[in-house]
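Just the one chain here, the form predicted on its own, laid out as structure tokens.
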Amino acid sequence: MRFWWLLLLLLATFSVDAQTEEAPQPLPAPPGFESWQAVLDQARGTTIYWYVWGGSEAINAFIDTFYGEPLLEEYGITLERVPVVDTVDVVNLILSEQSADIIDTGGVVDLIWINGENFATLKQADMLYQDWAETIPNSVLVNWEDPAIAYDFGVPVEGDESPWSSAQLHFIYDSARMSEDQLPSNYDELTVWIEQNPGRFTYIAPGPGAFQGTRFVKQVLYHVSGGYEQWVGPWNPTLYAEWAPRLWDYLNVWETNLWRGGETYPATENELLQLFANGEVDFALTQATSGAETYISQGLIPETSRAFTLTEYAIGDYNYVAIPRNATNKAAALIVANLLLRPDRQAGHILPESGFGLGYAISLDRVNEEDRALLEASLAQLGETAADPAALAAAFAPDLAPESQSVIEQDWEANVLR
């Protein structure tokens, strides 16, 4: 069911009328507020401190203008974007405040861009503002019944975070160097390609701050273990222990034919893009629905670059915003989360010039006719540099439980890098 929903979303071919005969039920007020109007009134004239990954100048500028300007003009809220190297640093900051008995208010973080293990850590520590995500007005545009939204890396969301956008890991190649019919279609074909083209392939080293590399290794794990279905749900150490040796053997077969003989790996997405742009390797990785155009528009890779996906195990997920339990300005944080889901903002973030180029977090069958036309128009702008949406949808696979992240990163370093 998930595959068909994503396919329809990306192709924008929904035929369901967003207007229903039954009047919608009013949403409950966010916890601690009497009404949404009370949220608006309390937030006006305040400053919100939003902690986000700051590794992309394009994304930083986009956030400051595309969200900062309407926040000030429409709601009287000043946005202070606080850039971070790694989201775990923000999590540790919140946990240190908890240790200092700053529990219910007084925290320095009002809003955090988050998902996966960082969300799981704060949820387990009981340091998240709870039960709010389905109370903001634009939450009605989210398909909360979709398991990919309702579960963040296998952890139930339960109203403790709100989706912002979606992403799916796939590949970029240069159409000036190779034709489409030369591309591998699965991991076994990629193995053959690597053997026949020594030195022309590498991937990002798995590790903190390099989740694309970790996600790539997880995709290979799905391949060697015969599929992702057995991995859905809570982390299963026994299952991992059964398949991990085969995973490392599979990756080690590649090593001598990788870039620099597998002695070193690019540490970040940008390093891999640079190798690709320089012609040192023939493939890069992307999470962007807009595919290669996101990087072409920034002058990072050749204009002849194109995105594609293998036919199997392209891991996808949603990213979210969460409000710490001790946030000082919960009212403004709620308004930002609501703004992120507004159809005109969703239509903007999918475009390459945003620096994101990520997929929608709202469903096209839940918006009105005018907004659906706006969202469809943005999808139509993606063009030939993006991967085929139908192929991405068919290859979709969910991510592993959060506990897998550090285990795979450490074991890859011990069994592959060393």
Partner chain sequence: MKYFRWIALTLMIIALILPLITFLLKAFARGWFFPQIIPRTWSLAAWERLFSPQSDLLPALLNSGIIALTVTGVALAIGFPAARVLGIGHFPGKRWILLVLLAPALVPPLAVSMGLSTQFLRLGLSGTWIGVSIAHLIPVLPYVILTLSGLFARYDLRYEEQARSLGAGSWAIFRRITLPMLWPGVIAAGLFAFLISWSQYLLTFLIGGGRVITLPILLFASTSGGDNAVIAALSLVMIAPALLVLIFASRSLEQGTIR
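Keep in mind the model is a prediction, meaning the values are calculated, not measured. Residue numbers count along the first chain shown, from 1.
A second form of this protein, the form predicted in complex with its partner chain, is not displayed here; the remarks below concern that form.
- For the candidate spot formed by Glu97, Asn278 and Gly299, every residue has a non-hydrogen atom within 4.5 angstroms of its partner chain in the predicted complex.
- Note that among 283-291, 239-247, 136-144, 301-309, the stretch whose heavy atoms approach its partner chain to within 4.5 Å in the predicted complex is 301-309.
- The closest heavy atom approach of Phe356 to its partner chain in the predicted complex falls outside 4.5 Å.
- Under a 4.5 angstroms non-hydrogen atom cutoff, its partner chain in the predicted complex has Thr65 among its neighbouring residues.
- Looking at Gln230, you'd find every heavy atom of it more than 4.5 angstroms from its partner chain in the predicted complex.
- The shortest heavy atom separation between Trp53 and its partner chain in the predicted complex is within 4.5 Å.
- Exactly one listed residue, out of Ser225, Ser175, Thr191, Asn270, brings a non-hydrogen atom to within 4.5 Å of its partner chain in the predicted complex: Asn270.
- Think of it this way: in the predicted complex, its partner chain has a heavy atom of just one of Val84, Ala347, Ala148, Leu339 within 4.5 Å, and the residue is Val84.
- Annotation for 85-107: interface residues with its partner chain in the predicted complex are Val85, Asp89, Val90, Asn92, Leu93, Ser96, Glu97, Ser99, Ala100, Asp101, Ile102, Gly107 [heavy atom within 4.5 Å].
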